[in-house]
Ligand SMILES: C[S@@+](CC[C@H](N)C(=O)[O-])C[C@H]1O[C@@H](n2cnc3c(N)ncnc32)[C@H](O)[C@@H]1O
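The chain below stands alone and is given in structure tokens; this is the form predicted on its own.
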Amino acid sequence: MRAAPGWIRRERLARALSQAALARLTGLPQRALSQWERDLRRPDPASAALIRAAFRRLDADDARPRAKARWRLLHGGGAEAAPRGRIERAAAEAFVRDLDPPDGHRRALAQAPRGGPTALSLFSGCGGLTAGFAWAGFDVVGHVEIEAAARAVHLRNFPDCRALGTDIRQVTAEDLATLGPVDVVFGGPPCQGFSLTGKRRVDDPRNLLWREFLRVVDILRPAVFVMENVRLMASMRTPAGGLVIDEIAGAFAALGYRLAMGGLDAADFSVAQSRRRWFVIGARDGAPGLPTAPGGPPRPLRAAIGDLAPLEAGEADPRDPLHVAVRHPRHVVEMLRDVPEGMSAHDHPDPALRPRSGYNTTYKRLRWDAPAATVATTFAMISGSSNVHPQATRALTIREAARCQSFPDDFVFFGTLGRVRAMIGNAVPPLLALAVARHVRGMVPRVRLERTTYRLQGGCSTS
């Protein structure tokens, strides 16, 4: 009697194994596993026996050895790499596993605590920050986003979050009043004026949009605000020569907020990507601080994308419209074909196969056993950054980039491919946003109570 279709994938996911981990455990090619899981072929009896034996070995262990074995499979390294005595890390890993099934976003929303604080998302993009706050139990009552395609994606994934406006400069106090009390305001003003990927002009008008964020905070007087930007914001200077971050800190301090500022790397918070961002957290009551990473080894790229169908340049997965590999010029493929993991075509031993321009951070393969490099909006361009698949000779697909950003597969993206890539590259990784949201949630209740009491006494919420 032949096994029912899909049994390998079903049994693998039940044990929280990636496809790549199962390949290493059985010694079978991952490409073959992918074909069997998609029912393009059926495994021969000997291969099926190997797979069943691997599942039995995992199930025969007691809980602790099984957890350590799984950690070795998914994260590489020996048993000593497993987290010890880290409740926070264990919770983070469990949450990541919950995101891995096809209904990860819906599941995270369904499991979020109810009756949480209210929040407003500014410069929301497609919803990376919103996802983290919603998963943490915040009721995100509204958002503001000027780019139509990103706004549509945000509305699709958070249908109960009202689009308050498009251009934040046109959002009035009357508009904001329709939201009711707002406990937290969060968002990331455009970063092109601060980022190295732009021209980093001190007179870029986008550098001043943080003042619109300040204006909204001044009107709503939330208990907490969270502002996010690229880490280079900390060193950007004003036209007068001062530091932008000092001007920002002074403006919020004048409104009565105590601040915590610093950089956070998404790789420290279960995201399979090294992405450093600068956060400013302000609280009206108490010292806000920054979230602390739970510790443990980072999540490697293999754990995020290792189970996806193997593709070469120009190929597509018929079951996933976002898992499509860009077709690169023949000479680019030739330059990269023999380049090993972690190396760049600029390091090619044959000078004729080296790129004529660029840096050794471009035309570079990622590594399976390490987090991906920062996913930029240009992740489909091999010449743009370190974004070449560890094994295939191509740039990352949209699905792979979304997973590197920690977007679950059921987070819906649509629009032109260029727009979707821009949304993903500009987004805050939802798992990093989740860590920040959980951190600030405890700062809300006391200020909310004080504000409500003041209103009952006839006061003004903006005083």
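So that there is no doubt, residue numbering starts at 1 and follows the sequence shown. All of these numbers come straight from a predicted model, not from anything done at the bench.
Another form, the form predicted in complex with this ligand, is not on view; read the next lines as being about it.
Here the chain stands alone, but in the predicted bound form its contact with this ligand, taken as any heavy atom within 4.5 Å, falls in 160-168 among 266-274, 213-221, 241-249, 160-168.
In the predicted bound form, none of the heavy atoms of Asn387 sits within 4.5 Å of a heavy atom of this ligand.
Residue contact check for Ala437: none of its heavy atoms lie within 4.5 Å of this ligand in the predicted bound form.
In the predicted bound form, Leu209 approaches this ligand with a heavy atom inside 4.5 Å. The closest heavy atom approach of Gln30 to this ligand in the predicted bound form falls outside 4.5 Å.
Within 4.5 Å of this ligand in the predicted bound form, a heavy atom is found for all three of Ser124, Gly128 and Pro190.
Only one of Ile146, Ala313, Ala149, Val339 lies close to this ligand in the predicted bound form, with a heavy atom inside 4.5 Å, and it is Ile146. When you look in the predicted bound form, the only residue of Leu396, Leu432, Cys404, Ala427 with a non-hydrogen atom within 4.5 Å of this ligand is Ala427. In the predicted bound form, no residue of 389-417 lies within 4.5 Å of this ligand by any heavy atom.
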